[in-house]
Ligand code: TNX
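For reference, the chain that follows is the form predicted alone, supplied as structure tokens.
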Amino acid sequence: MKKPFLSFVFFLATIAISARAQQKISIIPEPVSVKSGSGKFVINNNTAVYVISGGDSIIKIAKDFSEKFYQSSGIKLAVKNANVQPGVKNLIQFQKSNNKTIGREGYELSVSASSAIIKYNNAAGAFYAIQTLYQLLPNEVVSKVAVKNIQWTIPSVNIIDYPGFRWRGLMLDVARNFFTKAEVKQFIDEMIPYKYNILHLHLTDDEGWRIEIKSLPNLTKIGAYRGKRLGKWANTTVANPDEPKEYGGYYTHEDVQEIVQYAAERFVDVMPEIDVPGHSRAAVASYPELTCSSNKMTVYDGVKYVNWPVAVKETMLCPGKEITYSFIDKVVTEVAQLFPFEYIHMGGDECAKNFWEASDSVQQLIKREGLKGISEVQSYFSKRVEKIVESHGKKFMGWNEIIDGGLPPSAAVMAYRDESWGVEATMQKHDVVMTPLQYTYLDYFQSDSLVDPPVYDKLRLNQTYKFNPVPSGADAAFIMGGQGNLWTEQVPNMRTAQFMLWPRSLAIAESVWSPNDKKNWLHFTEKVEYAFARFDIAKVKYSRGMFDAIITAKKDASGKLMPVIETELPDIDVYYSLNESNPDEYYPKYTAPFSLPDDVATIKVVTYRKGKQVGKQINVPVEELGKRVVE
């Protein structure tokens, strides 16, 4: 007879725990102002959603919220386009604001025991208020199926919020590895909760051309496909000319229109990138006359062929041929019609100019145009491309190399090599999107190269969180904002993309939305752990690298190696072994560097917090440790 009673007590305790847990206010990106109140608002079957003002766009936002909430809760919220009668409670209310401070994308959210009131100047503000409302609800709100036996409460709070920057972007490279239309939509769905508003699609590169250009059919017939490779990047066999081209894909005009519309409904603009004149091997494989030589090209399939800054094989368009500019005009004509966004990104990065130097047509160009050698060839190219882009009613943007030799008159710069390039562009009074690789390159590994897929470099979460879109010396008036970039040479599928994006994209989101004085590393990491619980429910893959040990070394006075072990978080304990066994919390605790005995072959390290393992075990051979000596 006791078992039913105990089950009932356990059921009540579960509800109580869930209710307490959801009271935690954890919002990413951090709002401008958050003031907690007392009590909570309970959403139930009697809750109604009132749209007081804003028209069809607000009604759609309200209905979308109702439908999404129904999916996770089983509660259908009635949406009413009507004024609220006196005395009516238990409601979520949308109404216009008269607060000019919050601007076009800002909002006010006031939650009490009887209501949740959303105020906005434009529909975008209402949409972002809903993203915040979702984060105030229990984590189960992200479930794809209805969750029973839970109280759907929102803590009482008053929030005033608006973005620090108008450009809050993520870049997805769909050229190196192809992502389907459905996966691009999924990418959009996963970025919008954190108030990103720009999706930068890197559509073309050496490894593939991903957008249909009807006037140039070979770009997708030939350029969109390559030999299938399943192993390690840049460790593949040279393509056999006769092997089937099985891997690839591209977006038709209809696909692009569908993606753009899907994004627009979620207040995301899509910026296309056509990367020229470098990174154009897929294009020149399709149309060989675009190169400066007669060498036959194939779409790049992963074999290493560049030893930067000198190209071993040609990958670039020829700036000395008029056919190149006719080609670009045809491409831009169709791209401009497909993407309503004001900018077209035209690349401009990493042009190894050794093939240009050997080209008669480029040397003739230098002489004909009075250029000061090869250094001004790319500037000449960029200025001509800018005119083509502007002739189709769009603005020209390029990577920071377009600064070399002189910027095109109206060009916007995406500064990625380091912050100094962006600073220089603002000094020349050009608009800038900051995306320095030292903070925002999301393809870099985020823990230890021994446990994470090794790429070019490391970028841990705490370093990403230091990103400030307005670096010292920049003219802030010309900084549009910032973005994170996910290059996909070594990102073969969506699950890997998620792992690389999260949680570092949470850090970038806070850097481009929240006031800089509201950023707090320890508070942010608490919010990240709260987000992990949501990712688990939503089945989104993410990295727990912030819990992993950071292992370097130094040498003692006699030259012996001394492991130096640090952590990103202050409450992490590190345990280690020197005898090839796998350590746990009962092993020696690392407290300070010590000299390794001569017979040690491997130091194994693991992290714990409050008696629970939180990080991966990292096994560092002594030879590898020797490579990590920091003087």
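Start at 1 and count along the sequence shown; that's the residue number. Being a predicted model, the structure only gives us computed values, none of them experimental.
Quick note: we don't show the form predicted together with the named molecule, though the next part is all about it.
This chain lacks the partner; the member of 418, 350, 526, 424 within 4.5 angstroms of the named molecule in the predicted bound form by a non-hydrogen atom is 350.
Residue in contact with the named molecule in the predicted bound form (any heavy atom within 4.5 Å), chosen from 445, 341, 465, 399: 399. Proximity of residue 456 to the named molecule in the predicted bound form falls within the 4.5 Å heavy atom cutoff.
Using a 4.5 Å cutoff between non-hydrogen atoms, residue 279 counts as a contact of the named molecule in the predicted bound form. For residue 194, no non-hydrogen atom is located within 4.5 Å of the named molecule in the predicted bound form, even though that partner is not displayed. By the criterion of a heavy atom within 4.5 Å, residue 176 is counted among the residues contacting the named molecule in the predicted bound form. Of the candidate stretches 342 to 350, 471 to 479, 221 to 229, 554 to 562, only 342 to 350 has residues with heavy atoms within 4.5 Å of the named molecule in the predicted bound form. Shown here without the named molecule, the chain has 487, 489 in 473 to 506 lying with a heavy atom within 4.5 Å of that partner in the predicted bound form.
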